[in-house]
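Let's start with one chain on its own, the form predicted on its own, as structure tokens.
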Amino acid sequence: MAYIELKGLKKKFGEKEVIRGLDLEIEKGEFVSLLGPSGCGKTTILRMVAGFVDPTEGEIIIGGNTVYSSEKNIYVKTGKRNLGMVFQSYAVWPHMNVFDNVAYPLKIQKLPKEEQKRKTMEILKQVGLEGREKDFPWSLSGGQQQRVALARGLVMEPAVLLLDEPLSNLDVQLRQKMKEELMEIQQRTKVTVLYVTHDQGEALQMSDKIVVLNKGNAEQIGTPEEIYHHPKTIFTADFVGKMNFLKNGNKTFGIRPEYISIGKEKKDRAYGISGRLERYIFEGNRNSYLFSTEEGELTVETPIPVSLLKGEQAYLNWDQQVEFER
């Protein structure tokens, strides 16, 4: 039995249906990302799991306990669901130092002061803030403030940690560092994570399972490898990573740019087509080439530059493509 179960989850705001019947199972200790563009419903799902928003229909089960059921008229308050939460805005209190920010949930639960201190210092050590407990948020970097928020979400040893785009306010280098630290903390604590993001790179790098959402529907649920290499819909293929699309009759074919090799002649590979180089872009760790072909444009990405001038013909070869029904 899954640790978190969402069954037939629906949500309407007025006449607008934003979640259209989601079924999702999350195992204990899994890191699951809700991935999709703005307005797809991912934050609404997180808020329903948290208890901030009531579903219109469906059930939410956490650890074998039903915390919401429209049919059985069950509603368990947020504070009774054993959840930790971290938001995009950090939500650290500027008038409290690091220790007091992190210890606040323990204080609310009226734990003994010695236990509050022990738990707070333990979690501060885990997130790399040992020795900063007397500092105030204004003296911390964005990454350190996010660690404070993460420590506060974990200090009660929740069964589930809910993360709503927690890295989106960080710069690129710091975001990468925080991704690695978050994964290490999750693996160390074994907490079950439900993570909201619109960043495909975050979802692919961090997740055990990804839920790709589009207009309130789950387009595909699978491992990062399944989502990337075997997308089931055109939306998933186009949203997660880069994808070339070619049409042949009633069918559409998708080819990842890195699957394609560039040559002067047809190679012994499953597929191939002649193309004319239209544009070359140097991107540091890869080279991007845009070709025009009789079936449409193809982008090719390769770490090794190819000796080819704009306007020259080449043969594009590949072995793997994805077929979509129209």
Partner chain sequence: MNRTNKGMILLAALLLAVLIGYPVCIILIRSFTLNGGFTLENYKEVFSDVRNYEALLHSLWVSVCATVLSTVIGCGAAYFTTRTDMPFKKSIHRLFLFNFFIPPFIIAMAWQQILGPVGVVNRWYQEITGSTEKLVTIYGQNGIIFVFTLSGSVMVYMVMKSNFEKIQSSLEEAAVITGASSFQIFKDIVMPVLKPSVYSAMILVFVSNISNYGVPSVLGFHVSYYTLTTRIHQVLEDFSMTNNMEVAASLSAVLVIITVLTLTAKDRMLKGKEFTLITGKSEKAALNELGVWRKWAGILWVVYGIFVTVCPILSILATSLTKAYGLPFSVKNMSLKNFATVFQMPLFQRAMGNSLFLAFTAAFLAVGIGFVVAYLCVMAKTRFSRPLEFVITMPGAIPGTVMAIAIILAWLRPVPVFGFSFYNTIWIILIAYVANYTTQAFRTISGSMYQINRSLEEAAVISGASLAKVMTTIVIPLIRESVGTAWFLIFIPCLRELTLSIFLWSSGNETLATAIFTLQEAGNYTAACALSIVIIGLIALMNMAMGKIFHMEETMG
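Please read these numbers as outputs of a predicted model, since none were measured by experiment. Positions refer to the first chain, counted from 1.
Just so it is clear, the following notes concern the form predicted in complex with its partner chain, a form of the same protein that is not shown.
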(request) Scan A159, L129, I221, M85 and let me know which has any heavy atom within 4.5 Å of its partner chain in the predicted complex. (result) M85
(message) Please tell me which of A91, L174, M121, L111 lies within 4.5 Å of its partner chain in the predicted complex, judged by heavy atoms.
(response) A91
(message) Is it the case in the predicted complex that G79, H95 and R152 each bring at least one heavy atom within 4.5 Å of its partner chain?
(response) yes
(message) Even though the partner isn't displayed, in the predicted complex is Y75 close enough to its partner chain, meaning a heavy atom within 4.5 Å?
(response) yes
(message) in the predicted complex, does G58 come within 4.5 Å of its partner chain, counting heavy atoms only?
(response) no
(message) Can you tell me if G51 lies within 4.5 angstroms of its partner chain in the predicted complex, counting non-hydrogen atoms only?
(response) yes
(message) Test of understanding: in the predicted complex, would G241 fall inside 4.5 Å of its partner chain by heavy atoms?
(response) no
(request) Have a look at 232-240, 209-217, 181-189, 67-75 and name the one stretch with heavy atoms inside 4.5 Å of its partner chain in the predicted complex. (result) 67-75
(request) Using the arrangement in the predicted complex, list in sequence order the residues of 213-235 with any heavy atom within 4.5 angstroms of its partner chain. (result) none
